[in-house]
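First comes one chain, alone, set out as structure tokens in the form predicted alone.
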Amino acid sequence: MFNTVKTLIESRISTGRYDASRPVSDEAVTELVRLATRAPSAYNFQNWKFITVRSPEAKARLQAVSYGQRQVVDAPVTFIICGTLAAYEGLPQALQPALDAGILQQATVDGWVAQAKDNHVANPQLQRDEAMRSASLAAMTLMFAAQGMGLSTGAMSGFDPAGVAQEFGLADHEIPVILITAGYPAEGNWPQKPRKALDEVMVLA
């Protein structure tokens, strides 16, 4: 199992060129989002939203607010992964399935809900930080799921957040965090680029 995961990590590339003639099925798109929702989030907030951009009309609108980048048109699907603010408001509903399954007890749920409310209500920066963290974890989970399905992906931060929010009808509490293009690669993509040496980035404490 470890070798499989290791291979996925070491073989993943950031794809910018896609074969526009090869679609990704509805089932695959749905499965990618399902797997992305297995990512962790604080208190199990699940404070994310996924917009799947697939139609030519929607791709054109996304390209217009992504500085004209071609990959959002050529990729069969681009996921707009959003984080949500005020996640504490929906926490009781988010935890209810775990309560029903006997994974959590009512006292634990009540404690988490109270603590999340105390920490987040008057702290918009923390709300935003959690939204960004959760969406980013979901994005990486989706990318590795796609890699395991034989697809390639590209993470994009080059877009106008306000433009994306307007074009795709996001609510005030929904933040577009990252775009993930997905599909089958065309020729001309770079291999995975070398990383910094571990002694530059790892501290032993």
Ligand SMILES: Cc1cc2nc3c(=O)[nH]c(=O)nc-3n(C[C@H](O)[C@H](O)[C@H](O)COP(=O)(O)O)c2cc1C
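Given the structure is predicted, the values throughout are model-derived calculations rather than measurements. The first residue of the shown sequence is 1; numbering continues from there.
What comes next is about the form predicted in complex with the named molecule, which does not appear here.
Of the heavy atoms in Gly158, some are within 4.5 Å of the named molecule in the model of the complex. A residue is said to contact a partner when one of its heavy atoms sits within 4.5 Å of a partner heavy atom; Thr84 fails this definition for the named molecule in the model of the complex, lying far away. When the named molecule is considered in the model of the complex, Thr141 lies well away from it, no heavy atom lying within 4.5 Å. The closest non-hydrogen atom of Gln69 lies within 4.5 Å of the named molecule in the model of the complex. Contact with the named molecule in the model of the complex holds for all three of Arg12, Ile178 and Lys193, each having a heavy atom within 4.5 Å. Across the options 26 to 34, 148 to 156, 39 to 47, 52 to 60, residues that bring heavy atoms within 4.5 Å of the named molecule in the model of the complex belong to 148 to 156.
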